[in-house]
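The chain below stands alone and is given in structure tokens; this is the form predicted alone.
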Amino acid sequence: MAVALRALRPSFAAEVDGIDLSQPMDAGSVRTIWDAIDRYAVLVFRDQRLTDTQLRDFAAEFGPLEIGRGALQGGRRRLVLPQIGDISNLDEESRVRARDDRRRLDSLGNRLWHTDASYMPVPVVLGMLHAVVVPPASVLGGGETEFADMRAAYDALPEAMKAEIDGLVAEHDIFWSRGQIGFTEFPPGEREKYPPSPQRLVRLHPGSQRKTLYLSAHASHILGWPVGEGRLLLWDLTAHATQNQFVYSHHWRVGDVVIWDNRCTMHRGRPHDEMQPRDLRRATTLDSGSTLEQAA
């Protein structure tokens, strides 16, 4: 079947028809998806029904897979495969977590605009979310995921600002981002496992050869600048990059798979009725090196 792309926003986010992600991928299909990612950064596949094993195997076609912070914490998990992240409000027995549950409070940080794992020395490339259970619409929202186009945001900056920020390096820290929402209850030894990591503020996206902002709630300050001054710059750039003209909001349906490129997007989850289950499964591919080692 021929693959068809329908842009959801001009040059950002596209719906893809004609690919069954549950089936093994040949090299041509993988290349087609990569080309679409390089062009649109966010891809939406509807009506996919994947097991966790199928999601893992599909994601592995695009690079080595991350085992996320939640799986590495140890203890019993709801999901068996460590490469599949549990992006849900469900506990190990598949019950809705209590409002004051520690893991739920930690996960509220995902509602900040962020880039996945930018606090790691080698960050991630592709994120892939598969919707298994979607909550009904409510006055609180429907648990949408919003994506911001960081290439377009960079392009829209004044030339003088581009020149000012092109060589800057920000320090990214998971504990800084969680602290912004008042969450500080980490297991013993957790802070030592995840020290801050420096990342370029402006990157060259290798697929499109376009420059892109690399921002995240994890970005604490600019190295070499007074902390307060660097934070104000990061807040101003984030406000610029998340204006409506740069944002696609995804309204989830069961069976959706959304792929996004963390190198040139930010994203955030939106609120929903926490008394209703929401179950998304995530796979994430790793980059090959630090942003400091890559061309800017």
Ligand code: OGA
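One rule holds for the numbers: they count along the sequence shown, beginning at 1. Quick caveat: nothing in here was measured; it's all calculated off a predicted structure.
Here the subject shifts to the form predicted together with this ligand, a form of this protein not shown in this document.
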Q: Indicate whether H114 is a 4.5 Å heavy atom neighbour of this ligand in the predicted bound form.
A: yes
Q) With a 4.5 Å heavy atom cut-off, would you call S197 a contact of this ligand in the predicted bound form? A) no
Q. Heavy atoms within 4.5 Å of this ligand in the predicted bound form: does E144 have any?
A. yes
Q. Within a 4.5 Å heavy atom cut-off, is H267 in contact with this ligand in the predicted bound form?
A. yes
Q: Name the single residue among V96, I87, V132, V202 that comes within 4.5 Å of this ligand in the predicted bound form, judging by heavy atoms.
A: I87
Q) Which of these residues, S138, N110, S208, Q73, gets a heavy atom within 4.5 Å of this ligand in the predicted bound form? A) N110
